[in-house]
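Read the single chain below, which is given as structure tokens and is the form predicted alone.
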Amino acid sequence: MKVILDGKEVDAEAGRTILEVARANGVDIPTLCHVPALEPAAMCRLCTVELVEGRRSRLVTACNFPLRGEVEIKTDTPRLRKGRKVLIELLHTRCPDSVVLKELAERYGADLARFPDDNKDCVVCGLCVRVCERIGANVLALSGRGVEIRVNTSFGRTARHCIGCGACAQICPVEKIRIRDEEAERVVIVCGREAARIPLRPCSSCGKPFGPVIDLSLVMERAGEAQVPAFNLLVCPACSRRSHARRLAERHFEQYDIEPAPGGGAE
């Protein structure tokens, strides 16, 4: 299938989204709420492009619009740049210290002083909610409507069934979700408040508390890596690495019938 992308004819497979086709052909369309591992949700609207079919032209979101026929796609017109500029200015009020928003503002000439700051520590991209659901924890959800929509936990209470995986913090595009280990507990901060608190277990080797070891069997199975051995639930990552290094060193010396030095490979 042939499509016209910013004036150039490119090949596209039916059913592929505009964003996928654009990235495959080296065309950068900005987005805050999209990662390839999750289903697109078109929350941020920054990926809006112009779609021309015959005499009809309309605006569509590139991340979730599948191509079904020969069309023309415009990704960087004055109309689109003006719309993205306003979106960036509005999103910036919610996270005025976000590096990624400042970079986008420079790219599109956004006036970051146009609207007063209303710091919410969130741009409501929904990525944290979707990845939490995908992993199976189901701690975070979107609540409210319209301008009042926000990321929240059940009844706004501190969640105790969070698995502490940190996926929400890793995926947040504005880096506003924080994870803090306090003695024997892990605390997850979302939108400036405590969203979850998870007990940490002591390492059976060194005795220090460490982050939860998560059962990723379902995730690994989805990724086609079902044969990956389970993690040791009782040993912290540091002790696990030392133990693994020791076993590798011993195996290496066994090949040559050499006695390892005392403590060799332990660190």
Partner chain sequence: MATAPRAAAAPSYAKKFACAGELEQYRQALIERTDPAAPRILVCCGTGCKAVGSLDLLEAMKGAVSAAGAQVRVMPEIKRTGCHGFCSRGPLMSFQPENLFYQRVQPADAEEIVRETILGGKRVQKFLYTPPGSKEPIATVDEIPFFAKQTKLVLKRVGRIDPFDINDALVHGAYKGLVKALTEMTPAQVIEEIKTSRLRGRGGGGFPAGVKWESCAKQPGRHYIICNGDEGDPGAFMDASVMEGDPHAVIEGMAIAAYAIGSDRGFFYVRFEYPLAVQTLTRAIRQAEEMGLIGENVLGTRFTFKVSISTGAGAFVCGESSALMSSLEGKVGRPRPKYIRSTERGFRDSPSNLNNVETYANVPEIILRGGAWYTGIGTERSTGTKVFSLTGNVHNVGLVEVPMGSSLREIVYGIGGGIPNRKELKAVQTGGPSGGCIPIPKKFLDINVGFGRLAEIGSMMGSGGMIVMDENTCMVEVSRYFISFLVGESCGQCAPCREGLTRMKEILTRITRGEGRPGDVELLEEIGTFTNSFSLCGLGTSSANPVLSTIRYFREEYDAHIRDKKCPSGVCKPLFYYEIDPATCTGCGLCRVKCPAKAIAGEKKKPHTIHQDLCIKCMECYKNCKFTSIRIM
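Positions refer to the first chain, counted from 1. Owing to the predicted nature of the structure, the values given are computational and were not obtained by experimental measurement.
FYI, the form predicted together with its partner chain isn't displayed, but the following is about it.
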Would you kindly say which of Cys236, Ile198, Ile29, Met43 lies with a heavy atom within 4.5 Å of its partner chain in the predicted complex?
Met43
With the partner omitted here, the residue among Cys172, Cys162, Ala110, Val124 that in the predicted complex has a heavy atom within 4.5 Å of its partner chain is Val124
Check, residue by residue, if Asn138, Arg178 and Glu185 all come within 4.5 Å of its partner chain in the predicted complex, counting heavy atoms only.
no
Of the candidate stretches 98 to 106, 164 to 172, 116 to 124, 189 to 197, the one with residues having heavy atoms within 4.5 Å of its partner chain in the predicted complex is 116 to 124
Does at least one non-hydrogen atom of Thr75 fall within 4.5 angstroms of its partner chain in the predicted complex?
no
Is there any non-hydrogen atom of Lys85 lying within 4.5 Å of its partner chain in the predicted complex?
yes
For Lys208, is any heavy atom within 4.5 Å of its partner chain in the predicted complex, or not?
no
4.5 angstroms heavy atom contact with its partner chain in the predicted complex for Arg94:
yes
Restricting to 60 to 79, the residues within 4.5 Å of its partner chain in the predicted complex through any heavy atom are Val60, Thr61, Asn64, Phe65, Pro66, Arg68, Arg79
